[in-house]
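Take a look at this single chain, the form predicted on its own, given in structure tokens.
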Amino acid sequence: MKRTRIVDILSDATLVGQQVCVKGWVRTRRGNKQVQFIALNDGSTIKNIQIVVNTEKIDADQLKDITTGSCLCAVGELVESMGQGQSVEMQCESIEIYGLCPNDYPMQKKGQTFEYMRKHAHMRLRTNTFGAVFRIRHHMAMAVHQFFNDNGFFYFHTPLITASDCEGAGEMFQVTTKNLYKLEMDDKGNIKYDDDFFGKMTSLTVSGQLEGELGATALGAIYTFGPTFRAENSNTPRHLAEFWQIEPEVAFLELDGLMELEERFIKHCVRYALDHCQDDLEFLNKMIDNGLIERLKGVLADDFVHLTYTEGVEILQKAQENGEKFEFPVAWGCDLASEHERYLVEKHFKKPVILYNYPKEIKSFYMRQNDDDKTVQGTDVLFPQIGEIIGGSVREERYDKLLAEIERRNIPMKDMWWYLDTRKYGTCPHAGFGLGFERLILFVTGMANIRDVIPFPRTPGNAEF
């Protein structure tokens, strides 16, 4: 008999009175000698289906070995439920066990800490919490593609292996086929890459932005959505070594248009979550963060605040003078910490903020310089609970300005000639932003640690599964 997904059974009233077949994993089994109740979940929804088993029809010896985590197939009639907690249930007529689950199953019904579950990341996917998180992650990926497709962007695939460092921080994972135990050096003590696969030093990308700009200056508007890598030794709840990033780039877009695009995009994603993930959000609101749904709706309620960096620093300094305690002091020219960003969003304005016109010394070389020669047209979108969720900028399109900044920062020209060509041949104003996908999932799910919103986190010292 063909299997019916539990999400479809629970949403289709016409199935009541019909024979259905369900397959999934046991959440719980309880009952007595006459009747047993099995809660079955197949991953299609946070909700279980209750299977009512009459022990006169099903062999008791078959039932006694069914424990939490066991996988089975059940066939029976779908009926309206007289009990609380579900609208329908199945009157079971047959059970086939695919896989029993011994007592050392790591995800027993008792509550587990998130730290414990990270050690069993291959099994944590079957829990209610992580099922909800990763269904929401799927829907957020669909929201991303829908937004850009509907707004005339082209999905553009930038390389994962690159010879350039977009951020200029040097925290990149090297890609090589060389024998690391027999490295040849030149007379200056540098590793020779002539015989390496690509004939030069290459790394995993930290961003697809630079290549994305090439796409934007040919196709008009593109977006990337793929994995990126940072070899940053950060053991924090907000950092991963491997994460997914969304990076649109748009020709003929200036600062006001960039901020408008950032706000429209993030609101679209939040609205999509509220429209498509109601059951999972309600579960997470109840079990993880009881302010989650209210916070999501709050993002949609008002326009974002547009605030210059200088104005933001003045607000923070005034807060310090009035007794607000920050771990890190605030001064013009400093890179704002998460505590500063969250103060602006959660305490001062009580709504998302787009901060712009940052000091050029704390931002990347490619950002467009303002006439004051002190600031650049960079933007950060700041959210409650998260701090910075989007970082973007108008890109410096003037050849002479960009070249001077590259030289001032001692960025090797051998890596940047092709990027400068976009300013040399038919340059145009353009802008874009980057959004770490996991930061978005953190906000939408209410989870506290970024390692819990990606199936298999890669962090310093951890590359399991």
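All residue numbers are counted from 1 along the displayed sequence. A quick note: this is a predicted structure, and the numbers were derived from the prediction, not measured.
Form predicted together with a small molecule: not shown, discussed below.
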| property | result |
| --- | --- |
| Exercise: residue 352 in contact with the small molecule in the predicted complex, heavy atom 4.5 Å | no |
| 4.5 Å heavy atom contact, residue 366 to the small molecule in the predicted complex | yes |
| Residue contact check: residue 454 to the small molecule in the predicted complex, 4.5 Å heavy atom | no |
| Contact test in the predicted complex: residue 209 vs the small molecule, heavy atoms, 4.5 Å | yes |
| Selected contact from 225, 130, 243, 309, since only one has a non-hydrogen atom within 4.5 angstroms of the small molecule in the predicted complex | 243 |
| Candidate from 119, 264, 109, 239 lying within 4.5 Å of the small molecule in the predicted complex - any heavy atom | 239 |
| Contact test, all of 232, 433 and 439, partner the small molecule in the predicted complex, heavy atom 4.5 Å | yes |
| Interface stretch in the predicted complex with the small molecule - options 184-192, 244-252, 338-346, 292-300, non-hydrogen atom within 4.5 Å | 244-252 |
